[in-house]
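Only one chain is included here, represented as structure tokens and corresponding to the form predicted alone.
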Amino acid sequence: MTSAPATPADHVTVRVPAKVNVQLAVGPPRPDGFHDLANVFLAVGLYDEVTATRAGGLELTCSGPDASLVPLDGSNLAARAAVRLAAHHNLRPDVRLHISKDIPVAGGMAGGSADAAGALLACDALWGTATPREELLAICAELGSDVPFPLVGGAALGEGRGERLTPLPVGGAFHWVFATADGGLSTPAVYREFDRLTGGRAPEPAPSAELLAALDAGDATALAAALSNDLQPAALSLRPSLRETLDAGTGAGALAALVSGSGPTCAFLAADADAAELIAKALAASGTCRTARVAASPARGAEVLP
């Protein structure tokens, strides 16, 4: 393997968004252990930043809320992304990656996946490898089911494991509040509980026509009526206290509430930006969550910062 060619910059920073699943339809377990999904992703304006700097080997650091919970070894998805991209170009993964966290850790908002997508784009720019978009997306899919979407952003339907993306039109802005909980929920554990609750006989997943129409129209009321997450009963079974958080948000005026992905972050759709601020204040005062964050969607996918 060789070193990457020199580029004018000695570091590159990429901003990458969190996601909320406005629909997560989950099928029965497949022979490979995964589940087929109809997963409607919406990128939201909570971001991590990944900075890639030239180094003599692979190094990883992290700062920000809950940075102590982020692994700094080879198991980190961002580190794995750098190694995978380097191998793709027959290079050594000589890079220092710094992750500045703002997306909740282990919160069902794909923070780790976002960091992997950010690391891919940052290393590609730093190393000057100019990897075609399709190849970057293929590497993302190898790294994890949720990794391709933060690279793309906006809104998309994820099928298969969630890695096969079809962009979706969005007709306006949607305003959200995200309530974070103490501690995370293991995604594999939530899927195991889903299989237990459904007896392994969930129906085949399909996207909701009503939800796709609501996104296209930018209609928050219609979207609220169509939100769904098949993993929510499993998340609530493992963490019953989340029901109190959901109730606090709807009691404060949210149009709808749901567990984000596998949880434990709870997402609340608001009528507008002012309503979102009021809901966030009520949630913060309710004692049912650790923090309440306001964000709008859709958000752009991973992008190199000037």
Ligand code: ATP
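Being a predicted model, the structure only gives us computed values, none of them experimental. For every residue, the number given is its place in the sequence shown, counted from 1.
Keep in mind the form predicted in complex with this ligand is missing from the figure; the text below concerns it.
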* Pick the stretch from 120-128, 95-103, 174-182, 206-214 whose residues have a heavy atom within 4.5 Å of this ligand in the model of the complex. => 95-103
* All of 44, 148 and 150 with a heavy atom within 4.5 Å of this ligand in the model of the complex -> no
* **Among the candidates 200, 71, 233, 169, the residue which, in the model of the complex, approaches this ligand to within 4.5 Å (heavy atoms)** => 71
* Can you pick the one in 77, 140, 155, 223 that has a heavy atom within 4.5 Å of this ligand in the model of the complex? -> 77
* Is residue 109 a contact residue for this ligand in the model of the complex, using a 4.5 Å heavy atom cut-off? -> yes
* Can you check whether residue 229 is within 4.5 Å of this ligand in the model of the complex, heavy atom basis? -> no
* Does residue 245 reach this ligand in the model of the complex if we count a contact as any heavy atom within 4.5 Å? -> no
